[in-house]
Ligand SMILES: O=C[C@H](O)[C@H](O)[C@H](O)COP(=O)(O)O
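Let's start with one chain on its own, the form predicted alone, as structure tokens.
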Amino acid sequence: MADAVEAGKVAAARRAVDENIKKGQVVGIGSGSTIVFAVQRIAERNKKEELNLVCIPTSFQARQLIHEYGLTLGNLETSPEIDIAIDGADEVDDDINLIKGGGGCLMQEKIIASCSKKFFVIADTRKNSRVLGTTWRKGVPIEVLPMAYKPVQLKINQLLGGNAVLRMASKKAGPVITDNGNFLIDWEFEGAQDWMAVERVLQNVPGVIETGLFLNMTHVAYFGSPDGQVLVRTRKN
């Protein structure tokens, strides 16, 4: 099963990179397991084609990948406008809206995506859902200021229902700490949601820094299957 899932990730990553990455671009590099295969493909092409890319990381992991594969590391101060960004997703709905942040990098990922002229997502077919929450059952990740996590939990529960859970670390005592020094709350919800309304509510709660809802941001999504086939979906509007 693991090999089959990996084959889908590889297929999606290679096709997305080959169709979108061109010489001289500023490229946002996302986070997560699928992105590893995208960076590997970018590095392969860079050796053959001298792509002369500037790569902007979304996380410590992405920064390490850029270094490991000998790509040029950039930042938003010197390159505030990004040609294209590539990232993964925890789940993608029919409108190519995303839930992201299962790996805890959602705030920097969202900033990079928002600075990009084109944002595309790569994933295996398990992440392709008609409605968010169909297969991803861990909730919407929300980055919060540590001092405010408890009132944020209470406010979310009051305004949206469901259950706002502080994400705890697995190999350390206490909560998960993001690359930005903040905490993560996962909002566990039930049933279909008006995601634009949910996003407005969450963004208006003092102490919330960013959410893992990526709405109307993705241009193209690539879903790889175990047999190497890739489904490509483009945003309708």
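We number the residues from 1 along the sequence you see. All figures in this text were calculated on a predicted structure; none of them were measured in a lab.
Beyond what is shown, the protein has a form predicted together with the ligand; the following relates to that form.
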Exactly one of Val144, Ala89, Ala85, Ala164 has a non-hydrogen atom within 4.5 Å of the ligand in the model of the complex; which residue is it? Ala89
Looking at 42-50, 175-183, 196-204, 24-32, which lies within 4.5 angstroms of the ligand in the model of the complex, counting heavy atoms? 24-32
Using heavy atoms and a 4.5 Å limit, would one call Gly139 a contact residue for the ligand in the model of the complex? no
Touches the ligand in the model of the complex: Gly103 (any heavy atom, 4.5 Å): yes
For the stretch 127-141, I need every residue with any heavy atom inside 4.5 Å of the ligand in the model of the complex, listed N to C. Lys127
